[in-house]
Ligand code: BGC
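Encoded as structure tokens, the following chain is the form predicted on its own, with no partner shown.
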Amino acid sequence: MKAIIVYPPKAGVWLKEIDFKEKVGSNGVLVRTLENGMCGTDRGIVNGTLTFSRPPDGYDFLVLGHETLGIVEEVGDAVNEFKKGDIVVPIVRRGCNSCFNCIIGRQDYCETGKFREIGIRGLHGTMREYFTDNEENLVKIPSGLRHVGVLLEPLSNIMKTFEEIELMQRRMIWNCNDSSYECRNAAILGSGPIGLLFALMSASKGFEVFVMNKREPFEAELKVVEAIGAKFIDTTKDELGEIDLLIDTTGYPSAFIPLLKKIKNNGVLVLFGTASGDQYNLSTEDVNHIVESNIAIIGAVNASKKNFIEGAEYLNSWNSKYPGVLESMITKKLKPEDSVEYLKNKPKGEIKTIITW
């Protein structure tokens, strides 16, 4: 079958025919891949900057791909939840099977660091025509979300992050006097797919939302921002006031450190994005502000199956509430043979590029 493969930690990416025969066990499901999303993690692996990426044991190559939409083709004898024709999304991280968090299905909080992730480290991914997986690792989504279901994997990470935010803010009364968050604001650094999904979720939670970038918005970005009643801030021209919730999706300290002093008392800084090469000094005044203002700093990555299931509910809600908005986030569709160059470099104006099989 055709597959998009890499040889981590070396740079490069190839579309090749591979002889890959995975058996469908009693608890297994054979899935035909419909779509894969491209993201910064994929490009980091392709360009050799994410050195933690590794092939599965016994292989010198890794099939790329962790943002996935597929359709069930065959199920094992013991499979109860799925049938042929179901639309599914696989979870990404698989537990170490030794720490308590992994044992109870919260491998996104793995304590040993010995987890594996499809298409990233230790497990082949889904940028291929077919893949098999165990029933427990798949999430079924409504057929009506087939056109946007590939967004579920990135959204699952946002679901997990808000789980962390709300848990942290139980340290006090942070909601407004009407029990909502309508008196709070959320400022999101970065207007890529993760930034826009954070904006959608923040708006759904009731926050006043600002999406920030150091440029004017692209047309597709503006469509999402305007649909949810948010405001786009070009940081080269506009300045933001005080912030309740600051979410960085860029990974650049030079983007979020200058904004630390704008975070209000008892506010939250979420660090979601990762990058390399950027440096920016954290001053004692910044540290004093964090300490004296009771600011919580949260690092967030990955998600559990629970977060995927909850994310599907939000996708379904947004699909009805904001017609055409989720589709506008998918800015390009490519065949596998045309995808290699796009995996090397992000084109200008891209929100989400997907590969269709």
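This is a predicted model, so every value here is computed, not measured. The first residue of the sequence shown is number 1, and the count goes up from there.
Not on display, but discussed next: the form predicted in complex with this ligand.
Undergrad: Would you kindly say which of Lys261, Arg121, Lys231, Lys205 lies with a heavy atom within 4.5 Å of this ligand in the model of the complex?
TA: That would be Arg121.
Undergrad: Answer with one of Ser328, Thr41, Asn316, Asn47: the residue that has a non-hydrogen atom within 4.5 Å of this ligand in the model of the complex.
TA: Checking each option against this ligand in the model of the complex, the one that comes within 4.5 Å is Thr41.
Undergrad: With the partner left out of view, is Leu197 within 4.5 angstroms of this ligand in the model of the complex by any non-hydrogen atom?
TA: Heavy-atom contact with this ligand at 4.5 Å: absent for Leu197.
Undergrad: Given that this ligand is not shown alongside this chain, does Leu245 nevertheless sit within 4.5 Å of it in the model of the complex, heavy atom to heavy atom?
TA: Outside the cut-off, so no.
Undergrad: Does this ligand come within 4.5 Å of any heavy atom of Arg106 in the model of the complex?
TA: Contact check for Arg106: no, nothing within 4.5 Å of this ligand in the model of the complex.
Undergrad: Decide whether Phe52 counts as a contact residue for this ligand in the model of the complex under a heavy atom distance cut-off of 4.5 Å.
TA: Result yes; Phe52 sits at the interface with this ligand in the model of the complex.
Undergrad: Out of the stretches listed (221-229, 174-182, 251-259, 149-157), which one is close to this ligand in the model of the complex, meaning heavy atoms within 4.5 Å?
TA: Correct option: 149-157.
Undergrad: Which residues from 54-85 come close to this ligand in the model of the complex, meaning a heavy atom within 4.5 Å?
TA: Residue within 4.5 Å: His66 only.
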